[in-house]
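Only one chain comes next, encoded as structure tokens, the form predicted alone.
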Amino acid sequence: MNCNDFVELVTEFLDGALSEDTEQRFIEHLAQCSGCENYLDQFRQTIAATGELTPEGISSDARQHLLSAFRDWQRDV
């Protein structure tokens, strides 16, 4: 598994949706790659932070900023 494969599978890993073989390769890559370890940690922190947000708790400016960031994310990859 390489870093691109890892990034593609993070959501499925966190959902417990990977096959046993793929999860094993995911964990082996994680044990060897500090960059992906940091990525997974940041992903978990983002989920924890955004899991506490409600639509009413986000200012209009912040909402537009987030929507723009996600809209542009695919273009930047």
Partner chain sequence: MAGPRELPPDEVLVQRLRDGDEETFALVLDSWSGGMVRLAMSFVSTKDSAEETVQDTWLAVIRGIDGFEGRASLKTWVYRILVNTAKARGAKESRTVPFASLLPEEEGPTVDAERFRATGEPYAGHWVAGQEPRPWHIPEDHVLRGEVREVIAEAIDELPPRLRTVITLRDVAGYGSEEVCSLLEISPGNQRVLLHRGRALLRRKLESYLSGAHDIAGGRGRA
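Numbering follows the first chain given and starts at 1. Every value quoted in this text rests on a predicted model; they were computed, and no experiment measured them. Rigid core here is just the name for the largest C-alpha set that superposes within 1.5 Å across the two forms.
The form predicted in complex with its partner chain exists for this protein as well; it is not shown, and the discussion that follows is about that form.
Proximity of Leu30 to its partner chain in the model of the complex falls outside the 4.5 Å heavy atom cutoff.
Under a 4.5 angstroms non-hydrogen atom cutoff, its partner chain in the model of the complex has Glu12 among its neighbouring residues. Among heavy atoms of Ser59, some come within 4.5 Å of its partner chain in the model of the complex. Although the partner is absent from this view, Arg25 stays clear of its partner chain in the model of the complex, with no non-hydrogen atom inside 4.5 angstroms. Residues His29, Cys33, Gly35, Cys36, Asn38, Tyr39, Gln42, Phe43, Gln45, Thr46, Ile47, Ala49, Thr50, Gly51, Glu52 are the members of 18-52 with a non-hydrogen atom no more than 4.5 angstroms from its partner chain in the model of the complex.
Superposition of the core reveals a Cα shift of 2 Å or more for Gln64 between this form and the one not shown.
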